[in-house]
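Heads up, the chain below is alone and in the form predicted alone; it's given as structure tokens.
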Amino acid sequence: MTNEAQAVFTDLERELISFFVNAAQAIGLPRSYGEIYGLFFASDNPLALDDVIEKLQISKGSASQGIRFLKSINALNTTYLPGDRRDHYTAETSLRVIADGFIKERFKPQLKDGTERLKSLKNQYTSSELAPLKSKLENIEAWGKKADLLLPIVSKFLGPKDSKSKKTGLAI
């Protein structure tokens, strides 16, 4: 964020955005995703792509990519504003909804793809060639099975899916 952009934010808005930047970076996501989500989270009103570009002083491509990603993991909800043809969004505040979206759209497909690639590679080698890595490959296959069992439990632990009843704060 530039100094000009920082001037338009209150201290609380800056801290909220900073919180989500740190959270995004902690899980390996780009800084801009955290900035964008933080902006939506701090906003009382639905925002459009142009608002994100203007307030955060980021490129249209970066803003568009960030919004698309956040929508894909259910972190943003589309909101209709009468008389305005642009898409507007609000932040999803239920950690469970966002975590479910992240797990289903990003984590599980990556885990499944990696496991399938390893299985495919296993078929290309003889048993003797695989012997040194056999137990490690079996571990990875077991991780996939354990993740399938564990992820629904983690999701339930994170709380209710309905964030609409909670207007303020992060529904945990």
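Please read all numbers here as calculations on a predicted model, not as lab measurements. Quick note: we count residues from 1 along the sequence shown, nothing fancier.
Not on display, but discussed next: the form predicted together with a further copy of the same chain.
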**Request:** Flag Ile73 as yes or no: does it have a non-hydrogen atom within 4.5 angstroms of any non-hydrogen atom of a further copy of the same chain in the model of the complex?
**Result:** no
**Prompt:** Applying a 4.5 Å heavy atom distance criterion, does Gly61 contact a further copy of the same chain in the model of the complex?
**Reply:** no
**Prompt:** Thr93 near a further copy of the same chain in the model of the complex, any heavy atom under 4.5 Å?
**Reply:** yes
**Request:** Could you confirm whether Leu49 comes within 4.5 Å of a further copy of the same chain in the model of the complex, counting heavy atoms only?
**Result:** no
**Request:** Using the arrangement in the model of the complex, list in sequence order the residues of 8-25 with any heavy atom within 4.5 angstroms of a further copy of the same chain.
**Result:** Asp11, Leu12, Glu15, Leu16, Ser18, Phe19, Phe20, Asn22
